[in-house]
Ligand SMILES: N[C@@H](CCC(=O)N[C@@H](CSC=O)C(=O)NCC(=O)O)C(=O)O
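One chain follows as structure tokens, the form predicted alone.
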Amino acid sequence: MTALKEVSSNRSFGGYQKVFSHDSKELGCQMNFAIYLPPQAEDGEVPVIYWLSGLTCTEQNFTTKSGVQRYASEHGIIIVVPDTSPRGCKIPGDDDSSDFGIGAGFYVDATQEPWNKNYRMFSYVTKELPEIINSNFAALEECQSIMGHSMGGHGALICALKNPGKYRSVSAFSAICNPIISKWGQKAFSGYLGSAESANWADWDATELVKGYSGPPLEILLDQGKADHNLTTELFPDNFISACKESQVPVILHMRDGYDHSYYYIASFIEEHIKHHATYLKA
């Protein structure tokens, strides 16, 4: 069993908002994750939602800004929030920019040196972290969903599409839906995976993955602010919606007038997303 060190603990809506650190075998460094334990977890196992954050974030941004604890408490759901990349690995160039390296793991398993040793966020999020959560907390292993924002929205979508049946539902705010045509995605994929000619970028692109999805039914909810300045240059939700329709994969898209890319937007609609996931987690 992985040894956990409690970093902080705060009472919140009848439950506890905690942060733990541990030594990650997958990433080769010490990692933090935040976890909200609702009051229902004191009496037995409850469902889990994993939240994946966006560029430059840590486990703290969503935890402190979204207000998710109120709704997780109401529905009796554990919320797990990992960091967005390995930290402290001292790889040359890992802190040169905000959209690559530290805070920008893009939830892929890197294949290119020197990133392939530590930047394995996909395996961390889908394998190592769930094993830790299931072993140490009152989590219903068979009842889990995943969600995220921006880079984390991309991460949530690919985690669900590449692991059919693992998650009951998936949702995303302002997701980078088609990273192989996004400047953010192209920069990350080139560095972590190699050139488009030498690596199959489509294996890490939600719009491409959904075209071939043939797993169990997966409920997908996308949320997008119409005032998001990244909408037509980085995110491309319309491409994902079109691919879902072609593949007959159910998807819901909410376009929000006047809302941007910020946590003010996320906090405005996080209740809807928790209710959406609760429907499938408790079915």
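One-based numbering along the sequence shown. These figures come from a predicted structure and were not determined experimentally.
Keep in mind the form predicted in complex with this ligand is missing from the figure; the text below concerns it.
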> Could you tell me if residue 237 has a non-hydrogen atom within 4.5 Å of this ligand in the predicted complex?
Replying inline: no
> Would residue 47 count as a contact of this ligand in the predicted complex, using a 4.5 angstroms cut-off between non-hydrogen atoms?
Replying inline: no
>> Given that this ligand is not shown alongside this chain, does residue 98 nevertheless sit within 4.5 Å of it in the predicted complex, heavy atom to heavy atom?
In response: yes
> Any of the heavy atoms of residue 225 lying within 4.5 Å of this ligand in the predicted complex?
Replying inline: no
>> Please tell me which of 231, 57, 41, 31 lies within 4.5 Å of this ligand in the predicted complex, judged by heavy atoms.
In response: 57
> With this ligand left out of view, which of 137, 71, 184, 122 would have a heavy atom within 4.5 Å of it in the predicted complex?
Replying inline: 184
> Where, among 31-39, 237-245, 59-67, 215-223, do residues come within 4.5 Å of this ligand in the predicted complex by heavy atom distance?
Replying inline: 59-67
> Considering only 134-165, what residues come within 4.5 Å of this ligand in the predicted complex, judged by heavy atoms?
Replying inline: 149, 150, 151
